[in-house]
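In structure tokens, the next block holds one chain alone, the form predicted on its own.
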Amino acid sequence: MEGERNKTSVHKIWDLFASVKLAIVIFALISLTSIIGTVLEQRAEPAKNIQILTKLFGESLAPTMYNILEKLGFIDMYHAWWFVALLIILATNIIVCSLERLPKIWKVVKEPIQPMREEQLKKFAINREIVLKGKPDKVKDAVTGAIKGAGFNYTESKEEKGYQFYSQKGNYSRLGVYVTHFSILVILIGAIIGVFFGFNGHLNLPEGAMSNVAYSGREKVIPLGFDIRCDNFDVEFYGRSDMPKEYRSYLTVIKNGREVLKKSIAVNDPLTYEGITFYQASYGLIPENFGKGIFIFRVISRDGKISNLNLRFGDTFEILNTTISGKIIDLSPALKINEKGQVFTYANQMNNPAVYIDFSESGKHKYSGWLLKRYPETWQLPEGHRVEFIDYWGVEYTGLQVRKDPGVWVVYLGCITMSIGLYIAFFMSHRRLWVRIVEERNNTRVVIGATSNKNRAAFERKINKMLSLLSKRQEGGR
């Protein structure tokens, strides 16, 4: 009795995991939690998610909601034990469902097609009958030609008063759903590999700086195994607005003290090295570095003499073949002039960088003014000389999203397999065809029976076409 109870319990558990209802519930839970995990920034600073929750629940409830969600694991959801458990339950459900149903389907797939009695053929959902002039031996070629025209290679069986031809195609298409099941398991395996053996971090890298680590969340430091350096960062705006059109980072990978890779990256154009991918995510000004950067100028004298200069705040430079010199007096990351002609800084980003230069000749003050990086008309001096403001380097950082996902190729393989499985499941069908020709009063009665596990209407059209072809051949042979 005890053994019987244990067997019953095992059967109940098996039936639970073989249930399609369980799959629907698990899919719904994974989808719902994934939505929450998408809204909340995973492994981010608390302030970022509190800001999101403030918009959803208000300022008073946001901290409380954050604490609850953090304890439930939603701030690092894809590493939470319950989320991994949901994936394992889903995988188990798929495996058990497949094992439960596959033997029956496999039997149908491998079962060879056999001749059928006429009364059996007439019971099929697709059945047709036509009478042709002549005895079976005379119309046999026309019938077999029509069968081949329908795309079937047939087996022939001699009967007492005629022949029977039978064929099947697409019997392995019944396995399409199991190919799809397998692909889901492959995708889940790839996702779990990515969760446990990969990482998703960030790195704010100043111009000219180098780092051999990235950061995940507030505390976790992730060694990269190499150095990444930001050589330069540049933003292109739409016209003269402050809306960024493109921001691009110029990166160098250094391995064992040697530069091994250089690439400029932009949004949707990342750099990948040793399985680690750097995506362009954000940028910003480094307040403590502002005033310590390097001004990059191209100075062109009236007679065409060019000098390329790298200067710091307070430095002095001369225009070649002249006694005119300039001194850097002031700078602004985002300069604006109001209606009264007053100059002010309107943002803490390098939206409209400007430098104020005082020019003198032979030691005597000559004139001064602002040179704006985005306004080349401000670079021209009264005597025809030109001071081009190329860049103010070393005061911005590039915000990089750093990701390693060793399971991504497994996921890609799963997606390709799923595409194949879905194509088989939805666009291919298991079709079986029997055609029996029997002599009847010096004529031949043709009886057709057929089955299709899906898209029966299309198969019926093909059989109707086959009958139409037979009728035309009969008429043409008269």
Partner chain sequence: MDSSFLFGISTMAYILAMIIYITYLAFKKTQIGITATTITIVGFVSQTLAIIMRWKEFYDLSQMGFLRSAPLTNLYESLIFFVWCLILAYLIVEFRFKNRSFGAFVTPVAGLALAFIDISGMTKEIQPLVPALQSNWLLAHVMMSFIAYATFALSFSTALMYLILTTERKNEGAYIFWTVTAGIFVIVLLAMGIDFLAFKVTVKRPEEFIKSFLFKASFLNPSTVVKMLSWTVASAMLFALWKYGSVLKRVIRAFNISDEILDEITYKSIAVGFPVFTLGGLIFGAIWADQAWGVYWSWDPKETWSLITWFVYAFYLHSRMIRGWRGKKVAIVAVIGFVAVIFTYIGVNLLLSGLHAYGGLE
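Residue numbers count along the first chain shown, from 1. Take the two forms, find the largest set of C-alpha atoms that superpose within 1.5 Å, and that set is the rigid core. Keep in mind that this is a model prediction, so the values were computed, not measured.
There is another form of this protein, the form predicted in complex with its partner chain, and it is not shown here; the text below is about that form.
Comment: its partner chain is not present in this chain, but in the predicted complex one of Ile89, Ile184, Leu372, Leu261 has a heavy atom within 4.5 Å of it, namely Ile184. Taking Phe313, Tyr356, Phe359, Tyr78 one by one, only a single residue has any non-hydrogen atom within 4.5 Å of its partner chain in the predicted complex, and it is Tyr78. Only one of 131-139, 250-258, 303-311, 402-410 places residue heavy atoms within 4.5 angstroms of its partner chain in the predicted complex, namely 402-410. With respect to its partner chain in the predicted complex, the three residues Asp234, Gln380 and Thr398 uniformly fall beyond 4.5 angstroms at the level of their nearest heavy atom. Contact check for Asn268: a heavy atom falls within 4.5 Å of its partner chain in the predicted complex.
Using a 4.5 angstroms threshold between heavy atoms, Glu318 stays clear of its partner chain in the predicted complex. Proximity of Ile68 to its partner chain in the predicted complex: non-hydrogen atoms within 4.5 Å are absent; the residue sits far from the partner. Under a 4.5 angstroms non-hydrogen atom cutoff, its partner chain in the predicted complex has Tyr279 among its neighbouring residues. Contact annotation for 233-258: residues with any non-hydrogen atom within 4.5 angstroms of its partner chain in the predicted complex are Tyr238, Met243, Pro244, Lys245, Glu246, Tyr247, listed in sequence order. Arg240: CA moves 2 Å or more between this form and the one not shown after rigid-core fitting. After superposition on the rigid core, the Cα of Phe83 moves by 2 Å or more between this form and the one not shown.
After superposing the rigid core, the Cα of Ser452 is displaced by less than 2 Å between this form and the one not shown.
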